[in-house]
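Presented as structure tokens, the chain that follows is alone, the form predicted on its own.
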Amino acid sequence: MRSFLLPRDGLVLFLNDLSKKLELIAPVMMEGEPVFVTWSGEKLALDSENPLASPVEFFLPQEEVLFRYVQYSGRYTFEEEEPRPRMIFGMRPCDLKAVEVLDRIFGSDHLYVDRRRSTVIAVLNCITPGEGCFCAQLGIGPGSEEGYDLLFTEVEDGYLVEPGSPAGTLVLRDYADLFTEARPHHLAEKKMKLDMAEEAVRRLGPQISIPLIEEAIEEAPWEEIGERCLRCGGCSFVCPVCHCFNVVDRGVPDGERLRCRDSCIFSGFARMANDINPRMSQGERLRNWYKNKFVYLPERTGLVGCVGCGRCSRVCLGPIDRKGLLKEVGI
């Protein structure tokens, strides 16, 4: 497939014109932190660390309205919101992999599917990964190879842009005057930068693998680790793959049904009638959190439930290094 070059000063022109036709979501700095928001011309935060809140939330929000209900004369009518066409620009390869996992989980959920179909994903390859990243050890990053609509890689002359779907090709066709044909040295530069980024991730991060993690899960001192957990659920809420939820109705007789993100870290998540809980201790719940990612999800979807983004360790308030489980058992 053909590759193109977008000059550095052409990126804002490209995005600004796109934002007039659809909702454009991109990372910007807010109160000193990068955040994915609806973009309206703010300075882009493309050189900062991957935002703590993943753009995956635009497909699976922390809280969403499943439908609204109105009661009239004893009968109910229901209303659903139509998804808006949009582009997410600047998503990292790890988050794109998380979307692939969620696609297999929510493939029959029409709200999720409608959002996916109405969204163009423009991925930005990681040439300067964060210190907490370990995507390379899981074979996920720092570059993307498939699943995107558009793929951007920063090079010396601007941005190397590669379409990955018919939607991406159509976007580039509409703005052909901004792009030129990429040269072989641009592709070589991309490979060199991604090779260097992968080496940096492997050098700075733990030397882990899926078999080693599975072994560590069985040997880790879960009760002792559980005592260090503050039960805040932050690890689940920043994880781009975690997808536990609860459903509640708000409003009588008229109101709305909500799907709200939940966490298997919480003691009430698995609690049943008569206060019976199959996972009574925090250590058991943490073990289940790991098992779900590295055993249960691979069995269900064929994909690992961790993408190596390191957000769980970044947000954890307790002395728990989520990617350092191997150290707990001396592996």
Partner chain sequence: MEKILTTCPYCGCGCGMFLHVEDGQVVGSSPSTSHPLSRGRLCVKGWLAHDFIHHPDRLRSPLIRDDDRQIKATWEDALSLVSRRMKEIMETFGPDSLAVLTSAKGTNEENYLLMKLARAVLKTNNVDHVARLCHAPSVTGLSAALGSGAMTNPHRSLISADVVLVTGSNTTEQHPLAASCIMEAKSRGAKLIVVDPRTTGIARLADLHLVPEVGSDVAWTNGMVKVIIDEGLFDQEFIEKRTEGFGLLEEAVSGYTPELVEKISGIPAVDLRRAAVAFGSAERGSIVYAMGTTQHANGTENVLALANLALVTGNLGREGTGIYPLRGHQNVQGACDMGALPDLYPGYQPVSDAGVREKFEKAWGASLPHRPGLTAMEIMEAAEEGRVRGIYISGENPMLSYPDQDRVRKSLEFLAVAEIFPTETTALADVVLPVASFAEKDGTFTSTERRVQRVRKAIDPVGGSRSEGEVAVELMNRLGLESGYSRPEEVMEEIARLVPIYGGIGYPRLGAGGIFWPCPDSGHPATEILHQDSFSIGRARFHPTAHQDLKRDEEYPFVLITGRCLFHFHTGTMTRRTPLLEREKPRPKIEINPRDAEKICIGCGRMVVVESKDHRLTVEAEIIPDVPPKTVFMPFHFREAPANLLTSQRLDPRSKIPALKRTPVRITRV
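Positions refer to the first chain, counted from 1. All of these numbers come straight from a predicted model, not from anything done at the bench. Heads up, when I say rigid core I mean the largest set of C-alphas that superpose within 1.5 Å between the two forms.
Absent from the display: the form predicted in complex with the partner chain. The rest refers to it.
*Contact residue in the predicted complex, chosen from Glu227, Glu80, Asp177, Glu145 - any heavy atom within 4.5 Å of the partner chain*: Spelling it out, the residue with a heavy atom inside the cut-off is Glu227.
*Name the single residue among Leu46, Val35, Val70, Leu66 that comes within 4.5 Å of the partner chain in the predicted complex, judging by heavy atoms.*
It is Val35.
*asked:* Can you confirm whether Asp157, Ala182 and Lys193, the three residues that make up this candidate site, all sit within 4.5 Å of the partner chain in the predicted complex, judged by heavy atoms?
replied: No, none of Asp157, Ala182 and Lys193 comes within 4.5 Å of the partner chain in the predicted complex.
*Answer yes if any heavy atom of Ala220 is within 4.5 Å of a heavy atom of the partner chain in the predicted complex; otherwise answer no.*
Ala220: no, not in contact with the partner chain in the predicted complex.
*Although the partner chain is absent from this view, report whether Glu256 comes within 4.5 Å of it in the predicted complex, heavy atoms only.*
Result yes; Glu256 sits at the interface with the partner chain in the predicted complex.
_At 4.5 Å between heavy atoms, is Ser267 in contact with the partner chain in the predicted complex?_
Answer yes; at least one heavy atom of Ser267 falls within 4.5 Å of the partner chain in the predicted complex.
_Against the partner chain in the predicted complex, would Val238 count as a contact residue? Criterion: heavy atoms within 4.5 Å._
Within the cut-off, so yes.
*Option from 165-173, 106-114, 131-139, 243-251 whose residues, in the predicted complex, bring a heavy atom within 4.5 Å of the partner chain*: After filtering at 4.5 Å, what remains is 243-251.
*Which residues in 283-321 have a heavy atom within 4.5 Å of the partner chain in the predicted complex?*
Residues within 4.5 Å: Arg314, Val315, Cys316, Leu317, Gly318, Pro319.
_Threshold 2 Å Cα movement between this form and the one not shown at Arg68, rigid core reference_ = Yes, its C-alpha moves 2 Å or more.
*Closer or farther: the CA pair Val113/Val70 in the predicted complex, versus this form, with a change of 3 Å or more?*
The answer is farther, because the C-alphas of Val113 and Val70 separate from each other in the predicted complex by 3 Å or more.
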